[in-house]
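For this one, two forms of the same chain are given in structure tokens, first as structure 1 and then as structure 2.
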Structure 1
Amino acid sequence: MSVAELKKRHVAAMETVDALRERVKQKRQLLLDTDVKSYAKSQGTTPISFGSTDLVCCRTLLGHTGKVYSLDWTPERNRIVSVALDGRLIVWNALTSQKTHAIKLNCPWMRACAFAPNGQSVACGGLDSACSIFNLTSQVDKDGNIPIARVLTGHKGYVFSCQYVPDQETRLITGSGDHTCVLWDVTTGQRISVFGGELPSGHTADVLSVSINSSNSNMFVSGSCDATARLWDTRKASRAVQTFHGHGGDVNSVKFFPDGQRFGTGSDDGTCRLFDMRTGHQLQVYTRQHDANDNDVPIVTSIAFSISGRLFFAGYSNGDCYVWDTLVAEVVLNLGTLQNSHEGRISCLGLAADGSALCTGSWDKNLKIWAFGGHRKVI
């Protein structure tokens, strides 16, 4: 076929794709008969209300001397790993505020860190385009450093996100500026699968965030600068299971909802959204109110769900940390205005494994722990 004929076919195919996308959009719109807020209201859901001293900052973890970029809790409840622009990876006992490890990294520009399921290893990745693994039980040298146990190399772009597969010590998923996610075997350093890249259903821009479904660890979702989230099945890397449209900007953070059937997203467009994994429906948009005069809408940097899913935490670039009532879609508290709140952008946040505390990390160089300090009406 001549180049001219191929060009014609190319144009025709693009037009068909655009027309089909429009049909999909219209059909989806017809299926959106309600959202979570309207449905909850129709069921008489009582909105949550907090007293002013109910959620309090009960620890400030001091030690980083640069912006904190990422944090992760252990499954066994009380320890946290964090990375910051000071080039340090710190492991904290959040209960005592003590540091158990403070590792000086070769590359100070880390953007992601994660605890292994058994709590004995940590992973971190960033602008070195690799993911480094440290075994915390290793001998520490006189400077307090641990040798790198393994480096996962192969990404052709920065590593923005990493998470261990929950029930598998030896597997890790990364999201990268090369537009792909990768499933790694940590013991061999080999790539098991690559999600996206040259494949047609992959992201078309940097992948900023990944979240693995703890109810079904074969499934994970990724968020990208292409303004979409995509659902993947690790057993079938050849194509994304579903692509979720709706955001008007980079999707900076994705997190599975506790029931494993939905997931949340946070974006540069200033909104958070709740999507249904199976149908692809957008179930709710969480939009902050802002002044009509204010052109700068703070971006959502990070999100997390409380253990029941009823609370939805969102960190913003202006230091706000909204606590949303997931069902009523209203903000019930702003941790950014409480006593002892952060003095800068919230860059990361996460819940302890038993849901009893939230940890926030900030460009003010600190991490803070928040817990319920009010009176509980026990049923």
Structure 2
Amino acid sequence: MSVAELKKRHVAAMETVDALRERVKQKRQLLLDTDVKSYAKSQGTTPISFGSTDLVCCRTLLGHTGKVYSLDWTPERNRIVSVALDGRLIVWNALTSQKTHAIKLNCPWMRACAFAPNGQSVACGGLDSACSIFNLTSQVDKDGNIPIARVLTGHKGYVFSCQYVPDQETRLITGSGDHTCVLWDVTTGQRISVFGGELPSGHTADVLSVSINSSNSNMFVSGSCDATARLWDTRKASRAVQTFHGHGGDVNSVKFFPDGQRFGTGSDDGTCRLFDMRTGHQLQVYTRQHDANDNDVPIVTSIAFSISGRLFFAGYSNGDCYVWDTLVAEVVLNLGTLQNSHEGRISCLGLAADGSALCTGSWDKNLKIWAFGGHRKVI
């Protein structure tokens, strides 16, 4: 068979796939008789009332000299780790704003970081296509740096995301520009499972974000430049459990809903979405109205849920940070308009384990901690 014939058959096959995908989409639309917003409003649900003093900036963490790209909280909520394009990994005391560690990295182009569940180790990855592990209890060298405890190598593309498995300090999942996710044994540095790549159900572009289900740590979801989110089971790496369509651009951020049955996404198309992993349906789209001729719609860079799931936090490329009411799909607060807000793109955000504070990181080189003010109940 000639190359021309193969190309012709490939084009025909892709047209068939697109037609089937459209038919599935139409069938699902017939089954979707409502969305979360419509149902909530039919039940008389009203938006949460939020004032400008209900969530206030109580700390600004100064120390990075480059754009901040990633952050993570320890489970005990008093420490934060961050990486930036200054070649530094910094561990902060969230209560005092003081740095407890400032580690000089071999690669200055870091894109991801994570705390181990026990808070004694941190991981970071970036454009070196590796994930480096540091033990924070190790002795510092003569230059004041903590030596690398382990380097996880094997990816053939940049490491864009990493997260420790919540109940296993020795397990870590990474997402990469090589279109794969990998489950690692941190102790040995070996790959346990590879998700995607040559698999037909894997991502077809860079994996930008991963989120592990805290209710069932065998399940995780990934977001990619192929405009999809995919659900994986670490016990069955051979194929994705489910693929979720709907976005019209890169899926930059994914995060499980607190109950572990749903997850949220944020995308270059400027929208956030809520998906149900049991039915495979999209439950809600979170978007602001924009002029049809406006080609500069802010992209969603990062997302997080409050501990109850009622609030949906989303950071945007224009410096906005919306607090969405998850049920009625309305913005109840924009941190970008408050006093002491960031002066650049919101690149990452994360919620403390007890839900009492939100940390945001920005291209303005700073991190900010936002806490519920006054007698405001944490939700």
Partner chain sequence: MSMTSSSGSTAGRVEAGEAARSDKQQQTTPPPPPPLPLPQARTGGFLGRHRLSAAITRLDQEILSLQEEINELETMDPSSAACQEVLLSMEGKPEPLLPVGPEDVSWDRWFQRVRSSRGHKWWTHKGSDFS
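Here, residue number means position along structure 1's sequence, counting from 1. Remember, predicted model here, so these are calculated numbers, not experimental data. Only the largest set of C-alpha atoms that superpose within 1.5 Å between the two forms is called the rigid core.
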Structure, 1 versus 2, that is the form predicted alone: 2
Core fit, then residue 356 C-alpha moves 2 Å or more between structure 1 and structure 2: no
Rigid core fit between structure 1 and structure 2: Cα deviation of residue 19 in angstrom: 3.9
